[in-house]
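Heads up, the chain below is alone and in the form predicted on its own; it's given as C-alpha cells.
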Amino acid sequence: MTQMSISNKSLFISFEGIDGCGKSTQVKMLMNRFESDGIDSLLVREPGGTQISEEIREVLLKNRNENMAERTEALLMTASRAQLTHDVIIPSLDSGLIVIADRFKDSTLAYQGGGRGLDINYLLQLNDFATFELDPDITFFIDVTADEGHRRLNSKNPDRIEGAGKIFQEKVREQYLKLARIYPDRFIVLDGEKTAEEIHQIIRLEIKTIREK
C-alpha cells in the first residue's frame, strides 16, 4: 500500500455515528496508517481522555437505578469535552499534531439533541463554550440503521447509552443526517454497510484531498 502523502501540519478529524456503526474500528485503522507512515498524530475519545474526563465518563455510562436527567447528561458530556479540549486537543493542534477524535461536539447535538430531545440552539451554545468554539476540520459520519447498529453491538452488558434502545438510536441517526446537511463543508457521510477496508480507503482519500487544498 502506498504511503499517505500529507505533511504533519495540524488537522482535527472527528468520527461520529450511532452505537455499533463501526466508528471505533475506522479510528484505529486510521491511527495505524498514520503510525506506519510516520505521521505525528494523537487519538482521543469521548467522553474521556483526561483523568477528570474519565471520571465523568464513569458517571455518564454506568447503569444505575436512578435515572439521569437529560440536562445533567448534556452538562456532564460537555464538561468532559471542555477538559479534554483545554488539556489535550488545543495544545496538540498548536504543536502541529493531527488529532483524531472518537466523537466530539456533534455527539452532543445528536444524542442529547436528537435522542433526548433537548433544544439544539442551547446545545450549540453550550458546545461552543465547552470547546472554546473549536470545530473539527473534517467529520466522518459512518451511517448505519439502528437495526444494523444493534445487531453489531450484540452486547450482553451495554452501557447506559448503548442500552437506550433502537428508537433512541434512530433519533440520533436522524439528527446526524440533519447535521450533515447543515455542515456540508466538513461532514463526510460514509455508508457503514461497506467493508471496513472500503470505508478506510475513502477516508484516506478525503484526508489527502483536504490536506492538498
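It should be emphasised that the depicted structure is a prediction, and the values quoted were computed from it without experimental measurement. Note that residue numbering follows the sequence shown and begins at 1.
A second form of this protein, the form predicted together with a small molecule, is not displayed here; the remarks below concern that form.
- Though the small molecule is absent from this view, in the predicted complex it lies within 4.5 Å of a heavy atom of just one residue from V44, I161, L179, A146, which is I161.
- Of the candidate stretches 93-101, 118-126, 138-146, 77-85, only 77-85 has residues whose heavy atoms lie within 4.5 Å of the small molecule in the predicted complex.
- When contacts are judged by a 4.5 Å heavy atom cut-off, R57 counts as touching the small molecule in the predicted complex.
- Within 4.5 Å of any heavy atom of the small molecule in the predicted complex lies no heavy atom of T131.
- Of the heavy atoms in Q201, none are within 4.5 Å of the small molecule in the predicted complex.
- Taking non-hydrogen atoms only, M29 never approaches the small molecule to within 4.5 angstroms in the predicted complex.
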